[in-house]
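One chain follows as structure tokens, the form predicted on its own.
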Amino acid sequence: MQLTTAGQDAVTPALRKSAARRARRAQHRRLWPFLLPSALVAFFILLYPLGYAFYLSLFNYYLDTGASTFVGFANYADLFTDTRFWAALTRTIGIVVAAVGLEFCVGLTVAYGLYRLTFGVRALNLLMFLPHIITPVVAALFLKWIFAGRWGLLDSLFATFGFFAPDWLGDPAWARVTVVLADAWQFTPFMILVLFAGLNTVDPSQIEAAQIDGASGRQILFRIMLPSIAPIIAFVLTMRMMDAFRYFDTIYVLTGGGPGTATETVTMQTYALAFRLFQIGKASALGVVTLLIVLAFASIIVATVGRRKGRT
């Protein structure tokens, strides 16, 4: 029995789609061996340490004696009832929000200024990026010399004009301000570089059309340019948020978490639990909790930026 012309026309697209699906599956099977080395590296440097940290968090494991006792989720329960953990978490969130917010505002302002420049952009970009390539410990030592009380560079500068500078590293409030400024000084260049690259990807025809319609520079920036680079903004904010949550080396050199616990972050507390109190199990539990908190904040940033982009 022969198919009519209409029947043949209906069958042919279906056969073509089926053949295309088989071809894609065959291609995917051929590509899997090339992905295997990367998958193994990701497993051994990411998934295995994470799984081992979760495994250790279920034990009362002490590094100095080697004693290990299975306690289940008792370490997590102890953390959630520990006022020091909640104080460190609140302090960490405050430092992260202040540092990343400052870096984004300054970075966007400078990036937009560079975007509007017509000459010297590459040289300025190179000069401003220099703080970011300095090792954090070296940068912290340099900043500690600047912010040191009485004999530091900043105090000496204030004294020259007859002003008495605050105790930058000895006063709890000013110590938190100092660590925020230290993080912003080192990582704002990264923010500038990414945002400047993003602004240069905006379609010039959209900007020209807005200018013809009489839009101001501020309207072009906030109504056209920023929505256009929303994925880049989400990326850079997420990266900096994740990086700031593990803020350790600069704080360790500048204040050591002090004065008292004024600048003790979650990462500093994890270090103290693991290598001062030798409570590896509890430190591992704190590391797992920190990871979950960071993932939650990253999801909020991505969802918020994506929703705003969808509404424009």
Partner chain sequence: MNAGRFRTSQILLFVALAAFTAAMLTPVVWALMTSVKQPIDAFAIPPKIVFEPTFEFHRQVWLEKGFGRFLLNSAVISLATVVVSVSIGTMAAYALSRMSGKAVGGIMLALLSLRMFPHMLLAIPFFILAKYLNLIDTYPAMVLALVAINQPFTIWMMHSFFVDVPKEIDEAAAIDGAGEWQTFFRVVLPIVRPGLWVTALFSLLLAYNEFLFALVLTGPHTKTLPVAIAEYGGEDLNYWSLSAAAAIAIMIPIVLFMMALQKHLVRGLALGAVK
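Everything numeric here is computed off the predicted structure, so don't read it as measured data. In this text, rigid core is short for the largest set of C-alphas that superpose within 1.5 Å between two forms. Residue numbers count along the first chain shown, from 1.
Same protein, other form: the form predicted in complex with the partner chain, not shown, and the subject of what follows.
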*Looking in the predicted bound form, any heavy atom of Val106 within 4.5 Å of the partner chain?*
yes
*asked:* I'd like to know if Leu114 sits close to the partner chain in the predicted bound form, meaning any non-hydrogen atom pair within 4.5 angstroms.
replied: yes
*Would Trp145 count as touching the partner chain in the predicted bound form under a 4.5 Å heavy atom rule?*
yes
*Examine Phe80 and determine whether its closest non-hydrogen atom to the partner chain in the predicted bound form is within 4.5 angstroms.*
no
*Of Ile93, Leu102, Met128, Val177, which one comes within 4.5 Å of the partner chain in the predicted bound form, counting heavy atoms only?*
Met128
*Going by heavy atoms, what in 35-54 lies within 4.5 angstroms of the partner chain in the predicted bound form?*
Leu35, Pro37, Ser38, Val41, Ile45, Leu46, Tyr48, Pro49, Leu50, Tyr52, Ala53
*Is the C-alpha displacement of Gly260 equal to or greater than 2 Å between this form and the one not shown once the rigid core has been superposed?*
no
*When you overlay the rigid core, is the Cα of Phe34 off by 2 Å or more between this form and the one not shown?*
yes
*Would you say Phe44 moves between this form and the one not shown, meaning its CA shifts by 2 Å or more once the core is fitted?*
yes
